[in-house]
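Take a look at this single chain in structure tokens; it is the form predicted alone.
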Amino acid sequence: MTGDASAYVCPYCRASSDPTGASCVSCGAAFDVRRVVSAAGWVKQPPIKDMARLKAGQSRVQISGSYVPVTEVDLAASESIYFAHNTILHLDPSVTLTRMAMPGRWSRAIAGLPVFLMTATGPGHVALSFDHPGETVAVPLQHGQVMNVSEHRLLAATGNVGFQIFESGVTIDTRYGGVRTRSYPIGRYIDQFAASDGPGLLLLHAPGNVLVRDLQPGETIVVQPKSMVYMDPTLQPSLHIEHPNGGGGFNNSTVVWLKLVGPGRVAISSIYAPEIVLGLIKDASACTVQTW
């Protein structure tokens, strides 16, 4: 392909890209990929091809492999990225590695062990990877653009991308064996990223395939709560609860969905942990209910 970069807008990341290469320099989607849209309107996010190269300021990012992808970042002097400490593979001695201050009440654990955020500052190379199969998704953020992301999806973000958390507000209160418990179908907190001082790059990881959909104003969908990868802040999450047994109150045959109303973009993963309801639902945050 030839022509001016401004003439090509990637249909996946919505960023203008240089069409003279093999793939979008913002998200890694190949230029010759054909959009496949399901009858329901979902678009499969094309996996980043092996050895695809992206730009992030003056730094360069290369995604290697397709089963368990490795992200290699060639950091320019004074440019930085941050990431969870358990994703680091290796780095050059010239890279400065520091522990990042956690935003607000940010606290994560995997297998009972705490997870910390680290900052790597160039010049030099640093390599990152999750330890399970899936896709690396590049989400370029324009100056001032905001994206909401599920917990444990962050692989890395450039240093000019701000990070904060807020409570999801999506809750279910159940009673089982006389004990009342509160659960959080999409996690207690949502990670929010916002680009400042120019464009930024957000790298996420999701198991399986990633599907993307643009919702029109007023358009509504329901998805599995734990399948959510990222969504525009214009989408406000709530719950949709279905009780298939008809009458008699809610029990563990109840099906819980995440309800989203447009406008905005949402991405989901094809692999997720199903939402299991133990006991009777006594209360839930703003939701719709269907009994059948």
Partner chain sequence: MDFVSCQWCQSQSPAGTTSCPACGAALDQRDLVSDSGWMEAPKLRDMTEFRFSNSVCQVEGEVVPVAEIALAQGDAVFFEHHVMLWKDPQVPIASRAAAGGLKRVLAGMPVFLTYASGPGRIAFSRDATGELVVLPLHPNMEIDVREHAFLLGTHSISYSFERIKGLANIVYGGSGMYLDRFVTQGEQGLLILHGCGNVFQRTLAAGEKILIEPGGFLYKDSSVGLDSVKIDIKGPDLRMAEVTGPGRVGIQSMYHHYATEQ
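Please read all numbers here as calculations on a predicted model, not as lab measurements. Residue numbers count along the first chain shown, from 1.
Missing here is the form predicted in complex with the partner chain; even so, the following discussion is about that form.
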{"property": "Triple contact flag D173, F193 and S285 to the partner chain in the predicted bound form, non-hydrogen atom at 4.5 angstroms", "result": "no"}
{"property": "Interface segment, criterion being heavy atoms within 4.5 Å of the partner chain in the predicted bound form, picked from 235-243, 221-229, 59-67, 256-264", "result": "59-67"}
{"property": "Contact label in the predicted bound form: V212 to the partner chain, heavy atom within 4.5 Å", "result": "no"}
{"property": "Contact flag, L89 vs the partner chain in the predicted bound form, heavy atom cut 4.5 Å", "result": "yes"}
{"property": "E135: touches the partner chain in the predicted bound form, heavy atom cutoff 4.5 angstroms", "result": "no"}
{"property": "is_contact(N148, the partner chain) in the predicted bound form, heavy atom dist at most 4.5 Å", "result": "no"}
{"property": "Contact assignment for the partner chain in the predicted bound form, among M102, A76, I110, L97, heavy atom within 4.5 Å", "result": "L97"}
{"property": "Residues of stretch 121-148 in contact with the partner chain in the predicted bound form (4.5 Å, non-hydrogen atom)", "result": "H125, S129, F130, D131, H132, P133"}
